[in-house]
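A lone chain, given as structure tokens: the form predicted alone.
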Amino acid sequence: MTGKTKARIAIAGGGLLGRLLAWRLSRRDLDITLFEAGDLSASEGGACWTAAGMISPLSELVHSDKRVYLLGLQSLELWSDWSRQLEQQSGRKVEYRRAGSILVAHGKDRSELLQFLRELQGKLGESARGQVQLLDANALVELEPALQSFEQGLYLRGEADINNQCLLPIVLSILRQQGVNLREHSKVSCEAGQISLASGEEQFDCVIDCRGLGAKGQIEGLRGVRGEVMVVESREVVLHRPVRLLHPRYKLYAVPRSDGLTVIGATEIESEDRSPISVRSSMELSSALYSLNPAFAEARIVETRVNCRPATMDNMPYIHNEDGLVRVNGLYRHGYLLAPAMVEQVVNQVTQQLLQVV
């Protein structure tokens, strides 16, 4: 590189991580090329399209490593800032909402709710008082009028969610505006300073590999975990924030969207099968949703989505950094929770590499 030549950065993988990395790095006067094996505009693409977009560090703390919680807190603040920037750049609504989330359990499963509260308080210590609130039936209905069949609930303040169906196209449009070189239908392999395609090799100052399961052969222990969601439409039931239903066998989440839509999911299957949603899963999801509010019985199933989340053996995010190459992967079910924090780490590592080259 010279003072007159922009550093050339290759990003492999056009999912959530790849798009956010391309957006953040293209603001630093770098020559960015984003490679995607499929179509960047296809909503049936990677796991980022299937997710419900929950940014919920408190909800995940009980069953996840505390590092996930701490990275999630960092991401919460970044999402608040980044969503404003994205809306200013695009002139479109990202649909980012920071209204907290609600956890409920039916009477026979009340012990699940109280156990969750005890474990959360144990991990948070004194800070739990400002972040977690136990609600009686009246306080619960005041926050969520649709949840009238529950005696208690937990309100987790400060948690957020983002509409991935709005976010991903908006980031893509900004990448086009900022002159990022978009290479679709380009399956690649990644090495230090080099991208290999069917047509040959291309050299870069730094390669960032965030291909998800596309990097399975180059990251030991990387596996896929199947997730299934349904999107239902109902004008009768209105939720104002994500709601989780605690159950001994499965944990349902319901995330409201605009136009009367609700994204529901719960399944987490150790399989890389991407075939359509199973009858069993659809029955369990529908039954759990009906138990939130019986009026959901008349909701219409407008869409089902299936995909595989990339996960490491310990379900923790993976970053590998060497001269000319950064690999980031394994966000598991925490894609939207962890992505901004991981992007910040990668941007800092790439910046340090480029400074050393100069």
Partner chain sequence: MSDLLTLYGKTFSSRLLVGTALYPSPAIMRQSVQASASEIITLSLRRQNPAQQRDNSFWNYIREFGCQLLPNTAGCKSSREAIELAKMSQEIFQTDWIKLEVIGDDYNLQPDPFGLVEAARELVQLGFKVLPYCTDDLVLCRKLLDVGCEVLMPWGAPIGTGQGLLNKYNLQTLRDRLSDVPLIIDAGIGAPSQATEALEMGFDAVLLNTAIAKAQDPVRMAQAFKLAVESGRIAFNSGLMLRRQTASPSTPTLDMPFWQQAESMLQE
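Positions refer to the first chain, counted from 1. As the structure is a computational prediction, the values presented were derived from the model and not from experiment.
There is also a form predicted in complex with its partner chain; it is not shown, and the following applies to it.
*Asks:* Classify Arg84 as contacting or not contacting its partner chain in the predicted bound form by the rule of any non-hydrogen atom within 4.5 angstroms, answering yes or no.
*Replies:* Looking in the predicted bound form, residue contacts with its partner chain do not include Arg84, since no heavy atom lies within 4.5 Å.
*Asks:* Though only this chain appears here, would Ala297 touch its partner chain in the predicted bound form if you measure heavy atom gaps against 4.5 Å?
*Replies:* Although its partner chain is absent here, Ala297 would stay clear of it in the predicted bound form, with no heavy atoms inside 4.5 Å.
*Asks:* Evaluate Pro145 for contact with its partner chain in the predicted bound form, applying a 4.5 angstroms cut-off between non-hydrogen atoms, and reply yes or no.
*Replies:* No, Pro145 stays farther than 4.5 Å from its partner chain in the predicted bound form.
*Asks:* Does its partner chain get within 4.5 angstroms of any non-hydrogen atom of Glu284 in the predicted bound form?
*Replies:* Yes, Glu284 sits close enough to its partner chain in the predicted bound form that at least one of its heavy atoms falls within 4.5 Å.
*Asks:* Select from the listed residues Arg92, Arg223, Arg98, His240 the one whose heavy atoms reach within 4.5 Å of its partner chain in the predicted bound form.
*Replies:* Exactly one listed residue reaches within 4.5 Å, namely Arg223.
*Asks:* Of the residues Arg157, Arg118, Arg129, Arg176, which one places a heavy atom within 4.5 Å of its partner chain in the predicted bound form?
*Replies:* Of the candidates Arg157, Arg118, Arg129, Arg176, Arg118 is the one lying within 4.5 Å of its partner chain in the predicted bound form.
*Asks:* Can we say Asp109, Arg249 and Ser271 each have a non-hydrogen atom within 4.5 Å of its partner chain in the predicted bound form?
*Replies:* All three within 4.5 Å in the predicted bound form.
*Asks:* For the interface check, one of 273-281, 158-166, 72-80, 129-137 should have non-hydrogen atoms within 4.5 Å of its partner chain in the predicted bound form; which one?
*Replies:* Result of the contact check: 273-281.
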